[in-house]
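Given as structure tokens, the chain that follows is alone and in the form predicted on its own.
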């Protein structure tokens, strides 16, 4: 208590109000963990995060001269083939914003640094732009698999679970703001921590839970001998905005045919019952008669008919679908032909048959029983022992795809059972094997299998989506994106894959290994080798996503931003924010970001007579109708250009740089 009071003494009125509001509004039912709201706010607003392009660690092919764009608005850049810097190429980039001669723009990003800082940067540049996020966060196993506040968290830490939850909470709340209106986040987690993470996700993404996908990580193991229960699976939690849906699988129509030459086309038989008992839906419990033969079929008391009978409707009553008779008349109800038919003339005969079990059945359930009402109806009538079926036409199908199953079929069980709406994924051994193929050894054993992430992204993404992985680790997500883009191109799809990836990874440097850089030497190096081609596999062209910018993060105190943010920082941040690309900054006081439709985007680092003259001549020289200029003196620049008859929207350079990086702004 004394320590708590001493902490409160140093808080100002605003901070005390913040703590009080949090205490009074905290949910009383749900997940609770130790956290400090003041520390959380301080971390969010500590400084400004700025990107710095490291060209020598990027994958940046050389650039030929530009070609005219089809619409005549600027240039469309032919891009080189994939590979290391310096490779010549012939593949065009997708239509862009009219890049200038000699320009090369990076659409894919690898960001080195604490992913909390990476997400703070992305919130300023990519808010509402990311459609798919996949992450494989640390599993809180206690095996020093993650760092919190610069220290490894191990099993003996009494606050381990709270620190893990706070660690993820801060990152997930930032990631939430990056999703598009139809965006989704997929999170891998083990069985032990699923419950905690699911409750945390419910708090961060309220009302967005879509379900859980289960993945077999290995074949059965005898490792857990104490209770003889081997936990050989993990989960993928799925939380999405309202407009999201998986792509699903194309339906198989092998079961459809047209043996009777029905003019309405191919059909298949289908069940004619509904999963309610006769007590729950008494209006759907009635005898069904074949009008051609007069044979009567008793309904299943446990699964009544799916359609109402026209003869049992009350006066003025209507139904949402057709009545049973409206399906019988055109022949859409198939009555059995070769079947047993019995007639019981007395109640004693019927009851004796019921007691022997010698009555019609639906599966193993007898459809006539002693306790059922109105048994007298069945006396003296021909009763069929077969079951009527519904004729379902292929042309009536509303959806040509079937939904993704929540069960992933493991490779070693593929073909053992029918699972048309499941995808197949290997175990975690595949992840280690692929990394070994790329790097030549099995030094990294915990990478997720490429087949798992590739299939998840195949289901979750569209051809032009941006995919974010802010626990990128070994870079498997980036390789999955490239493979999907290449497959789109090889199948001749109308929409050639132009998915982009953003991979965030830390260096994991520490006092014992100060030069360690996992992001550069593993994540980025893997992507370089994949893009170049490895083990006899072909590489990837920039058209397929075979390039990336390597960014490092510089952090500047907000109070010093006016003095410490240089022209390169400003150029890269604005290129990311306005165009979602990175490119090498050009020299000079006026720098060209690119073009959006007929508007040139420019950065003016100095406002003087020379730059004003350059900007005044810009529209005529470059064929632009309008200018959008970021400057340290926007008002002065706007007045000077207006006086020269130039239409220009001038914006504060510092406001643009700081926007989105100050609290919830």
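Residue numbers count along the first chain shown, from 1. Keep in mind it's a predicted model, so treat the numbers as computed, not measured.
From this point on, the text means the form predicted in complex with a small molecule, which you will not see here.
Asker: So which of 200, 353, 447, 238 gets a non-hydrogen atom within 4.5 Å of the small molecule in the predicted bound form?
Answerer: Of the candidates 200, 353, 447, 238, 447 is the one lying within 4.5 Å of the small molecule in the predicted bound form.
Asker: Using a 4.5 Å heavy atom cut-off, which residue among 183, 475, 542, 298 comes into contact with the small molecule in the predicted bound form?
Answerer: Exactly one residue meets the criterion: 475.
Asker: Among 542-550, 264-272, 463-471, 277-285, mark the stretch whose residues have heavy atoms within 4.5 Å of the small molecule in the predicted bound form.
Answerer: Going through the listed ranges, the match is 463-471.
Asker: Establish, in the predicted bound form, whether 305, 336 and 360 all lie within 4.5 Å of the small molecule, using non-hydrogen atoms for the distance.
Answerer: No: none of 305, 336 and 360 comes within 4.5 Å of the small molecule in the predicted bound form.
Asker: Can residue 410 be called a contact residue for the small molecule in the predicted bound form at 4.5 Å between heavy atoms?
Answerer: Taking the distances in the predicted bound form, the answer for residue 410 is no, it never comes within 4.5 Å of the small molecule.
Asker: Is there a heavy atom of residue 107 no more than 4.5 Å from a heavy atom of the small molecule in the predicted bound form?
Answerer: No, no contact at 4.5 Å.
Asker: Is there any non-hydrogen atom of residue 427 lying within 4.5 Å of the small molecule in the predicted bound form?
Answerer: Output for residue 427 is no: heavy atoms all beyond 4.5 Å of the small molecule.
Asker: When the contact criterion is heavy atoms within 4.5 Å, does residue 136 count as touching the small molecule in the predicted bound form?
Answerer: Close contact exists here: in the predicted bound form, residue 136 approaches the small molecule to within 4.5 Å, heavy atoms only.
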